[in-house]
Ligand SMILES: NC(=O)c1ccc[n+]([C@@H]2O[C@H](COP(=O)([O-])OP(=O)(O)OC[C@H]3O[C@@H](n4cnc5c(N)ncnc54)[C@H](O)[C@@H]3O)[C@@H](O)[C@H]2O)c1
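In the form predicted alone, a lone chain appears below as structure tokens.
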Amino acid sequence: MKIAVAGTGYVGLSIAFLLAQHQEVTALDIVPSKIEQLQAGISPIKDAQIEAFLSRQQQDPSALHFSATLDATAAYENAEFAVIATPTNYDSEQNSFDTSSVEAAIEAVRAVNAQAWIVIKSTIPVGYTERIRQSMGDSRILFSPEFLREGKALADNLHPSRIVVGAPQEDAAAWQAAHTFAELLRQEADPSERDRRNADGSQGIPTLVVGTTEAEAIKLFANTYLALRVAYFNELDTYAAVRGLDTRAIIQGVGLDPRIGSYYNNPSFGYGGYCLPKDSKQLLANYDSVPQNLITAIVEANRTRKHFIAGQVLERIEDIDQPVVGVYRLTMKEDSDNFRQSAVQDIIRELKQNGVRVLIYEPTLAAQRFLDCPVTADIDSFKRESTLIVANCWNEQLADVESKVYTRDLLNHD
């Protein structure tokens, strides 16, 4: 089966390599450097499994049926499925995702191929797929949410927690195409997943085909719940810090309740990254005219947490003459090169508003300045020049200067 994938970020490349194990997959992007890297066997993103797949293809070109191109015609022509995985950043002025890249990709597919089933993988507002099907007069558009971690995107596709595809149930052809796409994802997953036992007693990969709007809601509600957990344990930590209590002991005791569990419970500077900030804001926007309190609180809790962290840092340097606050890494997670919407960025902004000099250590960043602060890749000079080091995630690289490190990472995991 010929499949085209638009977008070579975490979502696009992970789905492309998953399917390229047995299908003919062409990845398309508008950024020449990304395509050049892929053609040279280099991943444009940091993901160990994707890097391994590329290395495998370099050693044996027949191992995967994968190619990368800038040519939309070559990618979309004769494709049976066209997967759209272009970025949809949240536009705070419009109070909604900017879906222009999705619309542009749909138009590009249809300029070449009128029959391909288009599967939107980009995160979109609730109700978007149905609206775009109607406004474009195109009944061959489906939606399938992704549930991936940065740096482990392909691993999560090979070992999926669940597979969800959305299609209008009253459209028999679309409903069948959704089942076909879900089966493609299931068949390309690691063989061990088909025999696994789930907590509910079922066997194999949980697979759900639902309406497009329900599928969109599943994605936003799932990520907003995860944002809720991050915000909850951060507020637990804020309470403990202000009251002089042992956060770690409280979290341990709370997590022993099996209904709560010991996951997504490590305090941080706030939730960030590709998904949680924008998805929670989009869900809040979708609640227009619907009664709610909790979704607003989740979004506001993240702002409050970052303001609290900045205040804690300012307290620690208030009696120091000309302090330099060193920010250790902009990235959100271990084994990731992404720092989009990382919580520490708002900490930096608030420190700068208070006239504090900030030095950033970020070896993955080529630029010499970020947020108008100097950036260094020299860890020794960074530790030497910093009066106080602010680290969202603890790293043993800081062990020799632990006395001047401020972090809320108490459990040493993401």
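Note that residue numbering follows the sequence shown and begins at 1. All of these numbers come straight from a predicted model, not from anything done at the bench.
What follows is about the form predicted in complex with the ligand, which we do not show.
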query	finding
The ligand contact at A116 in the model of the complex, heavy atom, 4.5 Å	no
Exercise: T88 in contact with the ligand in the model of the complex, heavy atom 4.5 Å	yes
Non-hydrogen atom contact T213 with the ligand in the model of the complex at 4.5 angstroms	no
is_contact(F17, the ligand) in the model of the complex, heavy atom dist at most 4.5 Å	no
Contact residue in the model of the complex, from L154, V165, I309, C275 (heavy atom within 4.5 Å of the ligand)	C275
Proximity to the ligand in the model of the complex (heavy atom, within 4.5 Å), stretch among 315-323, 181-189, 262-270, 121-129	121-129
Residues of stretch 1-17 in contact with the ligand in the model of the complex (4.5 Å, non-hydrogen atom)	A6, G7, T8, G9, Y10, V11, G12
